[in-house]
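Subsequent text provides structure tokens for two forms of one protein chain, presented individually as structure 1 and structure 2.
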Structure 1
Amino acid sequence: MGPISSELQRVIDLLAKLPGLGPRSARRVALHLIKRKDTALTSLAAALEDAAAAIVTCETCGNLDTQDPCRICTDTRRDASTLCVVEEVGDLWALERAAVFKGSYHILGGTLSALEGVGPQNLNIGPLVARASAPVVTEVILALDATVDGQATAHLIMDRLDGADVKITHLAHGVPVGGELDYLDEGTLAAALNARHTY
């Protein structure tokens, strides 16, 4: 019999499977929770249980929320004519944090990847084409990664949206705010130079 009870070991094993946590940090987190049983452990357990029961995937855009359609899709203050296509929910959160986009979203659920065996059939593209074909939508923004897989996916979406009467745009590639030219890689510099525009 080891020094750790099977119940606690189970907690550690589950924590160790979370992103960013290995066995050592999982043990540390488990100890922290056990030491603060009333303030941390029970409230975390309750919060996780509530989330598991309440969180659903929005059938319209693929966002995670407690209601379907989600609060972004049902918010009448948002601009329904602009649809921003992102890879994952984390990307939607990033754009919401920036608080610069006030339109609707569409989450693809990944990008094409030969190595991971992800093809067009694995992505949420069909519903996107249907949404983009609605008369109210005038612009689709492809906010996908500036990677080979991200841009291959963007080109595929452009093909699929060929018949839809919408303007298709993508995020700019180039020098980040606060970036110094001397420290940029040649690819980013080339992209920035190619995408230059007049003042």
Structure 2
Amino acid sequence: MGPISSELQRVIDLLAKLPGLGPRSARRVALHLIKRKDTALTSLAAALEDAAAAIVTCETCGNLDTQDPCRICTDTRRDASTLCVVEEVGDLWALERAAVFKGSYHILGGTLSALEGVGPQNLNIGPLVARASAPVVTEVILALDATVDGQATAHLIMDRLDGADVKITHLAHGVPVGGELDYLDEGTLAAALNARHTY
């Protein structure tokens, strides 16, 4: 029998499954929580239990909220004519933090990936086509990662939206604000050069 109790080892094993945490980091987090059982662990356990009971997936866009449809989908101040397609909920949150997009969202639930066995049937593409075909929607923005899988997914979506009467756009790729050319990779430089425009 090892020095770690089975209960604590279970906590460590569960934490180690979280993105960005390996076994060593999971042990540190578990020890931090146990040392502060009254302030940290109990509060975290209660918050996780409350979240598990209250959080639902929005049937319209795929966002996580305590209501369905979510607050974004029911906000009448948002522009229903523009639909922004993102891979995951975290991407929606990032765009909302930037406070630059005031339209609707659609979460795919990932991207195509032959290595991970993710095909079109595993993504939320059918409902996207239905939403984009609605008369109110005039533009679909593909806000997908600039990776091989992201671009393959974008091409699949463009093919599927071929019959919809919408303009399809994508996020600009290239030199970030404040970026220095010497520190950028070749792919970013190529995208920036190809997407150049006049002043």
Partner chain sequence: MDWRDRGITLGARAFGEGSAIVTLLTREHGRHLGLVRGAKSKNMAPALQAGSEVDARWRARLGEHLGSYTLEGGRVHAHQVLSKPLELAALTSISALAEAALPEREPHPALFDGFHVFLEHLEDGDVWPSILVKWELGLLRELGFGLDLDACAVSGVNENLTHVSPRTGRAVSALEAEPYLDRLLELPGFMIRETNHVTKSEALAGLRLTGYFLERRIFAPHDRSLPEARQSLMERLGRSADETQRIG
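Under this definition, the rigid core comprises the largest set of C-alpha atoms superposing within 1.5 Å between the forms. Here the structure is a predicted model, which is why all the values come from computation and not from measurement. Structure 1 provides the reference sequence; residues are numbered from 1 along it.
> Please identify the form predicted together with its partner chain: structure 1 or structure 2?
Here the form predicted together with its partner chain corresponds to structure 1.
> So between the two structures the chain behaves as two rigid pieces; does L144 sit with E186?
Taking the motion between the two structures as two rigid parts, E186 shares its part with L144.
> Treating the chain as two rigid parts, what angle does the smaller turn through between the two structures, in degrees?
About the larger part, the smaller one turns by 10 degrees.
> Core-aligned, what does the C-alpha of D13 shift between the two structures, expressed in angstrom?
Its C-alpha moves by 4.0 Å once the cores are overlaid.
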